[in-house]
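Heads up, the chain below is alone and in the form predicted alone; it's given as structure tokens.
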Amino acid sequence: MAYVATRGGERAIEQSERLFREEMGAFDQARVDEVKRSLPYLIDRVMGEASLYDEDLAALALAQTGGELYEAVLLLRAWRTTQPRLTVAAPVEQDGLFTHRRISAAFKDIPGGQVLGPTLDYAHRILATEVLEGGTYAPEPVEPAAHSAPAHQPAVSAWQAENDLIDLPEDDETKGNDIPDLTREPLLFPSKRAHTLQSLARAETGGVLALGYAAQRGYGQAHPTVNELRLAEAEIAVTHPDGRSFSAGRVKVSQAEVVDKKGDKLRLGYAATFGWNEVKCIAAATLDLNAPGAEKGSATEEEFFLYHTEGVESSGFCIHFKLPHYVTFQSSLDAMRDAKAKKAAKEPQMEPSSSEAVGHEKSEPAE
């Protein structure tokens, strides 16, 4: 596609950017801290879609863009490309996750028990309008349970595999820099399994939800049941150059497993992402479940949903239509006018009717 270079108007362009930034005003570390403290789930979403875990930088990106999510994710991904790749962390096992929330809609009595954790699933959705009238919204304090839930729980799918209900994927022995990395390699089809899960992990939440919802409503091949949904913190273990393994800290992660009955076994769909984002994980796992055997061009075909849920590329392509297309549009107009002229030339010349001739004569100005 050809573009016309923008010439002239530099002052207008500069002032339009100033106008955008003036609406947000000056900001400092205090505003960044406030964004980070008051909008934790938005921070999680930006980190997940940017595939970079850094709460401070995500809060800075949101403060700098006035909450424009696409711009914030783009800023964070662009910054990520400037950073060196120091090392590769060790694989994280599911039963090693420090779990805050873990539920199953498939089995009530799952090994380790269900942990509701932080959620609004069972709450009334009532707007706190008293705040606009000068009041303060103060949440009720949490009452500790009589017995603490176990910090670590086994995977529900592992228990199902032991009971011959499901076939788990074979272990992948690829390690270190040999692990396919979507941030350094293009997405090609058929996609590598690692690329598929990485692409879903950083996919745009709304796009994943739209296509996953379509599959759930019957436009897919399999209807999901949430086998296990987990919000947790993962310990990041890395190896020092001298050979010692140590913890580099914890990151918040979400993961979802959905299942569907196929023959005498359950079929598994899986997704995980940075931060806590349940809806995205359930929708992404639904797409993963529906992908095998999906019809070409359907919403559940892997190539379709991986391309169309890539938020930075899709928003960038949409935004570029605002840039000047004068040459291409003029070419379209010329082609349209040429076709119109050729069509008119081929049409037979019609003899004017007597009434039209009279009217024409009446409209002639007097000399």
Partner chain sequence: MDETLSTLARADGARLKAFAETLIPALGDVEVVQSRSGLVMLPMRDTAQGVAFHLGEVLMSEAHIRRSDSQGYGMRRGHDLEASMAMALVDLAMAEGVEQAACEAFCAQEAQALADADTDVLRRVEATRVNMETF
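None of the values given here were measured: they were computed from a predicted structure. Residue numbers count along the first chain shown, from 1.
Omitted here: the form predicted in complex with the partner chain. The next part is about that form.
Contact with the partner chain in the predicted bound form holds for all three of His100, Arg193 and Glu235, each having a heavy atom within 4.5 Å.
The stretch that touches the partner chain in the predicted bound form, counting heavy atoms within 4.5 Å, is 266 to 274, out of 130 to 138, 266 to 274, 218 to 226, 205 to 213.
Mapping the unseen interface onto this chain, Ser51 counts among the residues with a heavy atom inside 4.5 Å of the partner chain in the predicted bound form. The closest heavy atom approach of Ile126 to the partner chain in the predicted bound form falls outside 4.5 Å. Looking at Glu55, you'd find a heavy atom of it within 4.5 angstroms of the partner chain in the predicted bound form. Using a 4.5 angstroms limit between non-hydrogen atoms, Ile282 is distant from the partner chain in the predicted bound form. Counting a residue when any of its non-hydrogen atoms is within 4.5 Å of the partner chain in the predicted bound form, the hits in 57 to 95 run Leu57, Trp79, Arg80, Gln83, Pro84, Arg85, Leu86, Thr87, Val88, Ala89, Ala90, Pro91, Val92, Glu93, Gln94.
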